[in-house]
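One chain follows as structure tokens, the form predicted on its own.
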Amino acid sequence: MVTGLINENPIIYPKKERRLRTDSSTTDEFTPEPIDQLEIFDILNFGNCNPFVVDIKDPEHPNTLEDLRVVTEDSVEVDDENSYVRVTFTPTVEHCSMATVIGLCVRVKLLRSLPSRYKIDIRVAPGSHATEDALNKQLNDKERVAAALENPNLVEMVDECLPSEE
């Protein structure tokens, strides 16, 4: 974790009761099932819907992004027909220096979990960060993301926040 905390006392929220997934009407195992908001939220918080895998952790604290309400189910938008996913996250403080790392963690988790046909859009909630426009541009620029993922220190930090793939 990071030394010199930006937000020393974040608010820890109780986890919301999860909606139950309804059974699919399709019984053919070869028919692709649509991906929805709940499935994306489960990927971000349970690593491919496995409740035994640890949630994505905040880079500064041992708490999860869900515990801190940085990412909520309502902040996930999915258009399966057009292969589009948007996750809007809310940093715990307006001047959060870890916002880029958080956004990168969300992007990497989705890149590792979703089929490659999906366009992933990661955003900072409007009005939630002092450099919102710059962050949104940085988190959605393929070249900047690729360059960030070539930095071994940054990759190590991202991997520490993500659930292990056991």
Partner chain sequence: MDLMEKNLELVEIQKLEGHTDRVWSVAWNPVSSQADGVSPILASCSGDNTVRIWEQSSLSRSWTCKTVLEETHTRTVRSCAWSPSGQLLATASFDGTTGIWKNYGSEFDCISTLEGHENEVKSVSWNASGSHLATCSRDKSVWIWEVLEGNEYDCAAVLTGHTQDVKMVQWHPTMDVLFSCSYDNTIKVWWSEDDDGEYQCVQTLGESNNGHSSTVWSISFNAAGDKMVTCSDDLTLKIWGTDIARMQSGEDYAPWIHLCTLSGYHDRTIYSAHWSRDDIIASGAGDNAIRLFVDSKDDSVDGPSYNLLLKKNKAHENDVNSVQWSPGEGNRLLASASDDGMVKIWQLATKP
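Positions refer to the first chain, counted from 1. Predicted model only: the values in this text are computed from it and were never measured.
A second form of this protein, the form predicted together with its partner chain, is not displayed here; the remarks below concern that form.
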Sole residue of 108, 120, 98, 68 within 4.5 Å of its partner chain in the predicted bound form, by heavy atom: 120
4.5 Å heavy atom contact, residue 11 to its partner chain in the predicted bound form: no
Partner proximity in the predicted bound form: residue 37 to its partner chain, non-hydrogen atom cutoff 4.5 Å: no
Exercise: residue 130 in contact with its partner chain in the predicted bound form, heavy atom 4.5 Å: no
Any non-hydrogen atom of residue 156 within 4.5 angstroms of its partner chain in the predicted bound form: no
Any residue of 134-162 that, in the predicted bound form, places a heavy atom within 4.5 Å of its partner chain: 134, 137, 138, 141, 142, 143, 144, 146, 147, 150
